[in-house]
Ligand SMILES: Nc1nc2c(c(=O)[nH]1)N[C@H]1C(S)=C(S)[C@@H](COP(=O)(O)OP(=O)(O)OC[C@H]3O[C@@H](n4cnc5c(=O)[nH]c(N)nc54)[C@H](O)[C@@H]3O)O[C@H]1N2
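One chain is shown next in structure tokens, namely the form predicted on its own.
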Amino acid sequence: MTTTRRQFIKIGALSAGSITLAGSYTWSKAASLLENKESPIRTPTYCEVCFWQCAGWVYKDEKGEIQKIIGNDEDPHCNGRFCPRGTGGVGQYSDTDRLKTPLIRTSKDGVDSFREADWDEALDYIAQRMKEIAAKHGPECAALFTHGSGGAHFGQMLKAFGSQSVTAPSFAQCRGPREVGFLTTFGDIIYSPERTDIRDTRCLVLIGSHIGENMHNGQIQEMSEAIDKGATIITVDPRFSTAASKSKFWLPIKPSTDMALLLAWMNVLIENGWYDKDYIARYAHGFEELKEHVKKYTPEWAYGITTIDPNVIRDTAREMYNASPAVIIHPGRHVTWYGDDTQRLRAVAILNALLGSWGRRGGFYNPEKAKVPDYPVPPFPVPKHMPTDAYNGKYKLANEVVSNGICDATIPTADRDCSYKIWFVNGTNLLAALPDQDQTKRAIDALELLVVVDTMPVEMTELADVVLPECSYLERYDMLRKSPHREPNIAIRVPAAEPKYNSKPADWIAKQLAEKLGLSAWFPWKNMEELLDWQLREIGSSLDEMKRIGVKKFPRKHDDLYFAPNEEIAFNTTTGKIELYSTDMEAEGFDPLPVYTAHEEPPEGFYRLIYGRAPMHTFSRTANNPNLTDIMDENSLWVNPKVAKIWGLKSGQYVKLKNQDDKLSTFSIKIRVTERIRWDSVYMVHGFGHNNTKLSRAHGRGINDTELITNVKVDPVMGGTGMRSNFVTFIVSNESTGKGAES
């Protein structure tokens, strides 16, 4: 393990004790209903357990105790139905392992520890350090890493301070290649929730997209509806996933060869004339170049690379064409695999274009977002350095800030005149979210101030200078949810209970810190009720109305959910067309048409590490949730029977793993012998193997796959971190029993 000056500190169950609160949280009329003795109380919310943010109702008993969460019938994200994670959200509120009070790092005789602090002291300390560091290095040296609703509040504070470096790992570590791939093709992105018209599709193609296990609620419901209507499902995956079990075709592709299959499909569609000729003639740029480009990528060529039978490649291409334009080659979610991921997602976009699905019913609809005005504040100061300066001219096509670019730019080098000195980390455990943990630790070690705002004592909190306990989403207001969808809509989150212990909502923390930094002008509202009510009245609603209904829909301004027949469309690309041949990619020195590149093969005795999701968990953030660990409390390792026989492995046996760089897993993982995984790969669910002993349910349960991801392939187009070029072998020991067994 890399040694750093910043020691891990195990956070105990520190109590709020007699700590005086720095300020009182203002409560709405809804909170006063806690005294209601007549009937159960319900409060509107939207879920924070995953990014889908389904709107629902929090029900309390007559004593004001939270009992359950159910979906809001009016919400287009969930249609009144919550997934297991959403209904288990109460566990986040009730978890006794939660962070309970602010903590400040101290050092005595070379030993680091945390001491409890009240909010005034903690925020005073942060503000003073921020001013001192900014005086030396400039405010641009501060960055925010965030995943969740709190980012809106801390982002406001950081921009007012003078930095635009606000980043979410979900871009460069998850969805970024698809956004840039589709942006450079259609001039628009996929959004969240995705603009996929699954409910009306006749053919859904999933390439490493684990719908059914990642539990993106609306898509699951629409996929079920499409199956009931007879839609064809085609799943491309080296693993027999839940989606594969619902499919007409399962293509157990050799990992890392997806591009070969995509190019072969293009070859079949074009050579057989199985593409939307009128659509391509009207809307597309570069068809002749594409036609010539894919001539050599025959199904027979792809067979030798992918192991997929040429007849199956042709049959599945025919299925897509027969269903077109009501066909979706799904762009997926976690698509950072091998370093050429933007090009692979460009290939996915091109296939959809050939089949005429973009802007068509059953393909990709045109979403619309509710227009909600921002509360008037002064313009943000213009930074001397923008976050893109940290990349030294790289990733110009990235449409969001690249988190690993910020991480790398935190490590001082001889030729770097501006390194980051301050990190705020809110709601994301970077030691599980960012690959190459040693690189992340080197960056953290170079910081002068690390502030971690979280609900739980995860690995990041152990490295912090200051830990700020954020209350759960059930105990706070947040900004209105206004995600794009078929109908413009908004949803509100209202606190169902007061914050437990000495925790606070992100809006309060950011506002209090801004005041201590002299930035009150950017937080002119008295509290969130005032801010929300102002916004709602500007769009013809009110806070009182939203407390009653939870979700409000608005009519579309135009009847443009789909393209009209023969409609002339100007796409937001250089040519104004769908760019099969990308002028943006070409201008930046990249291949304007996708090409196949062979990737690394496992060394002898090693197997490609594939990781994914489970329907009852979201990344690592739910691994300690008491409601959800009852369903799944550890991950297991899927191993093909042929491999198990070679190694003498049996289901239920615990092993450790070692990767190609001799990185050994801290904990052990339980073997699951199954035909549902190819012999050249192993599979585990991401988000387990926590090493913080204060996570009483998550500590030592399974393996943290991020530990074993040391070979990272950075996408040169947008900076995404390809993480599937890592290979593992088994370390079998009679002493490896799991359940916290450490090396």
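What you are looking at is a predicted structure, and each value in this text was computed from that prediction instead of being measured. Residue indices: 1-based, along the sequence shown.
Beyond the structure shown, there is the form predicted together with the named molecule, which is absent from this document and is the topic of what follows.
| query | Quick one: of Leu463, Ile198, Met215, Leu123, which gets a non-hydrogen atom within 4.5 angstroms of the named molecule in the predicted bound form? | reply | Contact residue from the list: Met215.
| said: Give me the residue from Pro325, Pro139, Pro255, Gly359 that has a heavy atom within 4.5 Å of the named molecule in the predicted bound form. | reply: If I apply the 4.5 Å criterion carefully, the residue I get is Pro255.
| query | Can Ile709 be called a contact residue for the named molecule in the predicted bound form at 4.5 Å between heavy atoms? | reply | Yes - in the predicted bound form, heavy atoms of Ile709 and the named molecule come within 4.5 Å of each other.
| message | Please tell me whether any heavy atom belonging to Lys547 falls inside 4.5 Å of a heavy atom of the named molecule, as the geometry stands in the predicted bound form. | response | Outside the cut-off, so no.
| Does the named molecule get within 4.5 angstroms of any non-hydrogen atom of Lys553 in the predicted bound form? | Residue-level check for Lys553: no, no contact with the named molecule.
| message | Whether Glu579 contacts the named molecule in the predicted bound form should be assessed with a 4.5 Å heavy atom distance threshold; does it? | response | Taking the distances in the predicted bound form, the answer for Glu579 is no, it never comes within 4.5 Å of the named molecule.
| Region of this chain that lies against the named molecule in the predicted bound form, out of 247 to 255, 287 to 295, 585 to 593, 657 to 665 [heavy atom, 4.5 Å] | Stretch with heavy atoms near the partner: 247 to 255.
| said: For a quick test of understanding: in the predicted bound form, does each of Val236, Val453 and Tyr611 have a heavy atom within 4.5 Å of the named molecule? | reply: Heavy-atom distance to the named molecule in the predicted bound form: all three under 4.5 Å.
| request: Within 4.5 Å of the named molecule in the predicted bound form, which residues of 427 to 447 have a heavy atom? Give them in sequence order, or say none. | output: Contacts from 427 to 447: Gly427, Thr428, Asn429, Ala432, Ala433.
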